[in-house]
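Below you will find one chain, with nothing else, as structure tokens; this is the form predicted on its own, and questions on how it binds or moves follow later.
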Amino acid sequence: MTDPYAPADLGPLRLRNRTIKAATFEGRTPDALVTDDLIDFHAEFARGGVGMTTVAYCAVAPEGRTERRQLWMRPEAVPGLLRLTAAVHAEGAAVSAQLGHAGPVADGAEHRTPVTPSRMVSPLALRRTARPDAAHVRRLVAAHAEAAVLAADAGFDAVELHFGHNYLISAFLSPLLNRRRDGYGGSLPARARLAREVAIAVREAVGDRIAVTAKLNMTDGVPGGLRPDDALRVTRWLESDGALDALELTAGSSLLNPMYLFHGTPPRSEFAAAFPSPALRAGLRVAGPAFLRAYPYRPAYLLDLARRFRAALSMPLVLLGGVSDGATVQRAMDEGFEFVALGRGLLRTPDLVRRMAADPHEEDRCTHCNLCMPTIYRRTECPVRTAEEAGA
């Protein structure tokens, strides 16, 4: 029986245990740079026992942000990132930077045109997008490699490449969003080309200085999107390329069906109130039931689908989705997953890993109300925990 709280290797990295704080946008970078608030956010999870915490979302280009105040990787960001990584290391944990380009999920702030595989009208930016030509695609690949080098220079132990949720690389994988007929569209090998090139370029840029992982959709959860059979083929190619140390398996589309990833109660009215754009607020009030669909919560809700990938692959896999209690963590180990990623459970209980290590029967304290989701537009937190602490 694998002990989830014993040290484990992730590529060149030695983690103190097999738990990872999943990337959840923090909403704590008002000037697109590291703040003390962001440092405290991740240091708390490190004190709470996680093996590694993931900083999200570190865009590789200014137009690749989902929100204009979001951190993006550039030399000016390095001093703050060095302070952040030092603070996490002081608490005994490792730290990863989630790197990616938002693509169709970008907000188009500051008159920056969102980039998508094929031209479309972005429902989030409310403007037409740009289709990158081959030279632009090469620049995007290089931007990921350059961002990874910056992360390594800033003391990060790993980078997580965002290949999920219909962000840019995930959008290239989607037959619904990628209607190109060049070397980056059409057949599945062509649609997977960008993901493979980014992974290889990042590995070549950082070598064995840090671990390199990717977060990849098993399914987009929308008609016409990436399906599990095709996603499985993509993971086999990524495994054969040998550039990645692990894959974190995810699902859903931030553009079209975000609740497919989260499950639980859809916070429709709260999201509508939180959207910064009046037009988006109005749109969500009308389209809320179609956009934020209801998927009942259950522990390890992505496990049934993830088993197919575990059976087909030999590389280390990270189980995500409904991992918030000791029994589910152990179940993931017993099913052959090398690591688990925790999100909402840690927002609710930052020292959850220490609690589970002390008591394998530690129960899930998260209510899965998803009221944390709309807080990303001001400062990500668990409102239930905040209310409890205010009343204490």
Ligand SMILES: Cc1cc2nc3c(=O)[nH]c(=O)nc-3n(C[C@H](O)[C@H](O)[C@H](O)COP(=O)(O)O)c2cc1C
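These numbers come from a predicted model, not from an experiment. Note that residue numbering begins at 1 and tracks the sequence as displayed.
Absent from the display: the form predicted together with the ligand. The rest refers to it.
Contact with the ligand in the predicted bound form for Pro350, defined as at least one heavy atom pair within 4.5 Å: yes or no?
Outside the cut-off, so no.
Is there a heavy atom of Leu15 lying 4.5 Å or less from a heavy atom of the ligand in the predicted bound form?
Taking the distances in the predicted bound form, the answer for Leu15 is no, it never comes within 4.5 Å of the ligand.
Flag His144 as yes or no: does it have a non-hydrogen atom within 4.5 angstroms of any non-hydrogen atom of the ligand in the predicted bound form?
It does not: once the ligand is placed as it appears in the predicted bound form, His144 has no heavy atom within 4.5 Å of it.
Does Gly326 make contact with the ligand in the predicted bound form, using a 4.5 Å heavy atom cut-off?
Contact with the ligand, no.
Contact residue in the predicted bound form, chosen from Val34, Ala61, Ala43, Ala56 - any heavy atom within 4.5 Å of the ligand
It is Ala56 that has a heavy atom within 4.5 Å of the partner.
At 4.5 Å between heavy atoms, only one of the stretches 261-269, 303-311, 201-209, 229-237 reaches the ligand in the predicted bound form; which one is it?
It is the stretch 261-269.
The ligand in the predicted bound form reached by all of Arg65, Gly100 and Pro132, non-hydrogen atom within 4.5 Å:
Spot residues vs the ligand: no contact at all.
Scan 1-34 and note down the residues that get a heavy atom within 4.5 Å of the ligand in the predicted bound form; none is a fine answer too.
Stretch hits, in order: Ala22, Ala23, Thr24, Phe25.
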